[in-house]
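Structure 1 and structure 2 below are two forms of the same protein chain, each written out on its own as structure tokens.
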Structure 1
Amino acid sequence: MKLSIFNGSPKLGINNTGILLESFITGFQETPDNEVEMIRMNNEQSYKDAAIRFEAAEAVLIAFPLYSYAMPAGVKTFLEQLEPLLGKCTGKKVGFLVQFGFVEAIHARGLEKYLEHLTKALDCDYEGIIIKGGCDGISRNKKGAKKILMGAYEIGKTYGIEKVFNKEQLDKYSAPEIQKKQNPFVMKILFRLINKLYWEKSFKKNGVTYESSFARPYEN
């Protein structure tokens, strides 16, 4: 099977989407004869080129980070290029991978509905969506993200063998849906730790103090 993978991270260099995809692809290619075509989209010309590759592809995985609860603007530019293909992609398989910073899957559920609707409007077969939160740091700390990457590998492997996503596997991977079951007190302490150990450290590295990080340059 040949899978065309579109990476829509707007970053110029290394990106979390790409790292997650690497693991997925390793799993996918465990099955002999599985082939991957990678399409990177992060500038105007690449969205146009990607639309041509999309039209020619048999099976597609569109991967990107969640930006303000939806696709990044650039990925929307790509989708707008597909307008002439509405209703004309009969038989094309299309799946998605959406990863993001917040931990809970619920952040991407609105978008999921949209992507499914769009896929059907193109008359593609909707394969499903891999949703994974908590991915902010994976390109900086691959070791710390071992579980996340292993999960992507397993999903790729299953997809490579069965040629369809396993819904149960995807749901398990996306959990938790929300944090209701967690103790809010524990969560607050955890966030304080992340703020202190991660964000404050990043400020410092850039010569920004705790106070100046709260700057309000456009206050009225």
Structure 2
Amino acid sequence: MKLSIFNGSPKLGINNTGILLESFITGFQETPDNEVEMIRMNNEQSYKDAAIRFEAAEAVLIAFPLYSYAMPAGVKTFLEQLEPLLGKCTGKKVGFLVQFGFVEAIHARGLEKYLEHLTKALDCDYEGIIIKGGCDGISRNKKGAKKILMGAYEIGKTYGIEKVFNKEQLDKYSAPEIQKKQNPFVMKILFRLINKLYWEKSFKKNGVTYESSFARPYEN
């Protein structure tokens, strides 16, 4: 089986989506004769080229990060390039991988419905979607993300053998669906610590003051 993987992370270098895909591919290629074609999408020309390669592909996995409940603009551009193929991709297998920083899978469920609708509009076989939250920073700390990466490997291994996604496996990997209610007082303290230790450090690194982070340039 030849799988064409489209990585839609807009980052030019190491990216969390790519790291998850590495684990998935390792599992997928454990089955003899499985092949992977990797297509990187992070500039205008690459989106156009990707659409051409999508048309020729046998089986497809489209992977990207979730930004504030939405796909990156470049991925949307790529999908819009597929309009001439609507209703013409009978038999093509298409699946998705979406990763993000929030822990709960529910953040990607709205997008999941859109992706499933799009796949059916193309007349492709919808394989399902790998959803994984809590992925912020795995590119900086692979050891700390061992469980996340192992899960991606196991999904890739199963897909490589069965040639379809195992829905029960996907649901288990995406958990938790929603976060349990936490003590408001504890969460308030926790968020203050996160802001101080993570965001203030990031602001300083990029020359942003804490006050300016609340700017609303388009408010008026």
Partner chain sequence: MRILILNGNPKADYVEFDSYIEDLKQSLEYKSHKVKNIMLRNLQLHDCIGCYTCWLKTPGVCCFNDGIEDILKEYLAADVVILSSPIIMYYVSALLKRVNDRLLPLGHPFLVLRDHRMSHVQRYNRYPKTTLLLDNQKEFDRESFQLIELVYKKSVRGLAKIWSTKQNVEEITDEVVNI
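None of these values were measured; they are calculated from a predicted model. If you superpose the two forms and keep the largest set of C-alpha atoms that fall within 1.5 Å, you have the rigid core. Please note that residue numbering is based on structure 1, beginning with 1 at the start of its sequence.
Quiz item: So which is it, 1 or 2, that shows the form predicted on its own?
Solution: If we ask which form is the one predicted on its own, the answer is structure 2.
Exercise. Superpose on the rigid core, then tell me if the C-alpha of Leu190 is displaced by 2 angstroms or more between structures 1 and 2.
Key: Yes; that C-alpha moves by at least 2 Å between structures 1 and 2.
Quiz item: Does Glu22 count as moved between structures 1 and 2, where moved means a C-alpha shift of 2 angstroms or more after fitting the rigid core?
Solution: Shift of 2 Å or more: no.
Self-check item: Once the two forms are fitted on their core, CA shift of Glu200 between structures 1 and 2 in Å
Solution: Its C-alpha moves by 4.2 Å once the cores are overlaid.
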